[in-house]
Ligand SMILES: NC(=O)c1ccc[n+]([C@@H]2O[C@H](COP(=O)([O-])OP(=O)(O)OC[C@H]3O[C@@H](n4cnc5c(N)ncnc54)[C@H](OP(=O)(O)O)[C@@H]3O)[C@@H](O)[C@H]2O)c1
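Single chain ahead, by itself, as structure tokens, in the form predicted on its own.
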């Protein structure tokens, strides 16, 4: 198994991409600590992993709170003894508005969850990884960080910032044997965020949701959305020793939507 004996934290693990990553990591031998705000979804995800023979623990937490980030790391260590992998996946989209219509408090909330929380969690797990001289951090960004889309200012800023954080951490951590990479998914239409976003854009442009989605898919070479399972497969590769020579990189899992 690719992650046998490893312990992973996966934020936003209750549903969508995070849940798919946690499930795939557990199937490959990792013990997984799943963190998210929704207690019910977390418990369902943990039950799914345990019923399949895996090891998992649920950590209800609000990533916008520094104390909750501390709680996540402590819970993972209490349950499994160490942390080998951190997946910063939790994120919110925020208001679907033009920049001038976005309230500062809404901007701050998106940045707190999407960018500040990964920083907080990294600073908590890196000392252990440095001491052990091994570890892998994976940041889930977005194709929005590489393209020009309207009405997603705080989301795009946070996800682009996450790519910058990835490169800086990779440069700092490489001498100590720790790898840091990122994934930029395209539209994963099975997720709640994607579905809510499609509805919000449809309302704004006074069009049908299918029309908005089809327009987006026209810009993808494969002419289809991506799946949470496809993103999870990429995450497994980057977190495992199969990617032992890869650090500071961003992998687009977008069907051919962005080329940088």
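All figures in this text were calculated on a predicted structure; none of them were measured in a lab. Numbering follows the first chain given and starts at 1.
There is another form of the same protein, the form predicted in complex with this ligand; it is not shown, and what comes next is about it.
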item: Option from 123-131, 140-148, 170-178, 77-85 whose residues, in the predicted bound form, bring a heavy atom within 4.5 Å of this ligand; value: 140-148
item: Close approach of residue 38 to this ligand in the predicted bound form, 4.5 Å, heavy atom; value: yes
item: Any non-hydrogen atom of residue 89 within 4.5 angstroms of this ligand in the predicted bound form; value: yes
item: Residue 22, heavy atom within 4.5 angstroms of this ligand in the predicted bound form; value: no
item: 4.5 angstroms heavy atom contact with this ligand in the predicted bound form for residue 163; value: no
item: This ligand in the predicted bound form: contacted by all of 153, 201 and 218, heavy atom 4.5 Å; value: no
item: In the predicted bound form, the one of 234, 193, 31, 27 near this ligand [non-hydrogen atom within 4.5 angstroms]; value: 193
item: Contacting member of 229, 62, 70, 211, with respect to this ligand in the predicted bound form [4.5 Å, heavy atom]; value: 62
item: Those residues of 155-191 which, in the predicted bound form, come within 4.5 Å of this ligand by heavy atom; value: 155, 159, 185, 186, 187, 188, 191
